[in-house]
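First, one chain by itself in C-alpha cells, the form predicted alone.
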C-alpha cells in the first residue's frame, strides 16, 4: 500500500530527476515574453472607442505571436498588460506609473487627445516609448518629447488635407459652395481642428460665417442647429465625437436644414458603420475627412475579415490604427534587437515603413509625428462608406450637392 508520505517522496524524487534531466532544456527552449503596456478607456464616456482600440491591438499581437514573435529576440512573444484608464486623465496618469513599475518596454494607446496629453507627459518622465493610436490634437507632439510617436495625422494635418481635398473637389466639380458653418466640441480636439479650418478655408474661396462650439455631452443640439439654419450655410463642417455628431445629423434632418454638403473633419460619426446602422438613410451622402485604410492594399480585405470574425464588429478606424501601432512597435523591436527602452526609442525614431494598410508610409520626425500621414475623404453612399478623394485611392465619385432631406426620407 502506498502511504501519503511514500507517494510524496516518490513524486518529489521524480520531480528532482526531471529537473536534472529534462526541465531545464524545456525552460531554455521556451521563448521569453516582452511586456507591452496598453492604456485605453475601456469604461466611461469613451469606452466604445477604447475597446475597439484594445481589440485592434489584441488582433495584431495574436498575429505577431502566431508568426513567431520577435525573431531578433529569439521568438519572444509579446505579452499585453492592459489597463483601463476609465476615460479619465488622472487614471491614465496612474496607468503609466504601473507600466513603469511592471517593466513594460513600451506603451500603446490611449485613443483620445485629452488622455494622450497626460500619458505622453508621463512616458517622457519615465522614459518609456509611447506609440499613439489616434489622439490627434496638435499640441501632443509640440512639447519637445522624445518618447512620443504618432503614426496618424494630427488635427492640423487632417484639417489641412481635408481642405485641400475640398478645394480640389470644388474646382473639379465646379461647385458654388462658399458659406461654411463650423460646429465643434469645445474640448482640445474640436477647438484645435476648428482653429485650423478657420485659417485655411478662405484659401479655397470659402468663408466661415458661423462657428458653433458645444459640449461633447450635450443632450440636445436644437439651438445649435437653429443657428446653422439661420446662417444659410452651403456647407456644415462638424468636428466632434460620435454622440454629438450623430445628434447633429438627426437634428438637421428633423428640422429639415438642407445644405449643399455636410463634410466633417475627424467626424465621430462620419466614417462609422455603427452610425449607418443607427440612422439608416440619414447617413447617406455624409462626407468625412478621416483616418482610413488603403482600399487598394492587397492584405486589407483579409485583415478586416479577421477582425470581424474575431469580434463580430464591422470596420472602424479606431481598431485599425491601434492594430497598426502594434506592428510599428514590432518593427522597432526587431531592429532594436533588445528590450532596453532607450534602444527601442532609438529604433522607433528610425522607423521607415512602407506598404502598410494605412494609405501612407510611416516614419517619424524629430517631434515624433509621422510627417507623411494624411486622411482620406469618404462618403456614405447607399449604406456603404467609400473613398471619394483623392483620385489615387478613390473607389467612386462623390455626390455633391446632396439631395434635400425630404427626398431621402
Partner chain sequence: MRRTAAGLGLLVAAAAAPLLVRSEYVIGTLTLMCFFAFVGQGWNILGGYAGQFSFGHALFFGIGAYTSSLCFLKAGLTPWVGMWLGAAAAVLVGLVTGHLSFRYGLRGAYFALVMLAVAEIFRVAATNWDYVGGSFGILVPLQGHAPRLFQFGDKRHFYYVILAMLLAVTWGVARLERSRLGYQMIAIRENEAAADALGIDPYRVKLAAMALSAAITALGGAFYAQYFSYVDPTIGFGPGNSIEILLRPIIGGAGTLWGPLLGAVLLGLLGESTRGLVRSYAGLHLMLYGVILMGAVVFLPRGVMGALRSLGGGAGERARA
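This structure is a prediction, so every number in the text was calculated from the model and none was measured. Numbering follows the first chain given and starts at 1.
Omitted from view is the form predicted in complex with the partner chain, to which the following refers.
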**Request:** May I ask you to choose, among 299, 125, 71, 229, the residue with a heavy atom within 4.5 Å of the partner chain in the model of the complex?
**Result:** 125
**Request:** Select from the listed residues 199, 281, 171, 143 the one whose heavy atoms reach within 4.5 Å of the partner chain in the model of the complex.
**Result:** 143
**Request:** Report whether the minimum heavy atom distance between residue 42 and the partner chain in the model of the complex is within 4.5 Å.
**Result:** yes
**Message:** Residue-level contact is defined here as any heavy atom of the residue lying within 4.5 Å of the partner chain in the model of the complex; does residue 205 satisfy this criterion?
**Reply:** no
**Request:** Verify the contact flag for residue 273: yes if a non-hydrogen atom of it lies within 4.5 Å of a non-hydrogen atom of the partner chain in the model of the complex, no if not.
**Result:** no
**Prompt:** Though only this chain appears here, would residue 121 touch the partner chain in the model of the complex if you measure heavy atom gaps against 4.5 Å?
**Reply:** yes
**Prompt:** Where, among 152-160, 250-258, 307-315, 179-187, do residues come within 4.5 Å of the partner chain in the model of the complex by heavy atom distance?
**Reply:** 179-187
**Request:** Please state whether all three residues 332, 342 and 371 have a non-hydrogen atom within 4.5 angstroms of the partner chain in the model of the complex.
**Result:** no
**Asked** Going by heavy atoms, what in 54-85 lies within 4.5 angstroms of the partner chain in the model of the complex?
**Response** 82, 83, 84
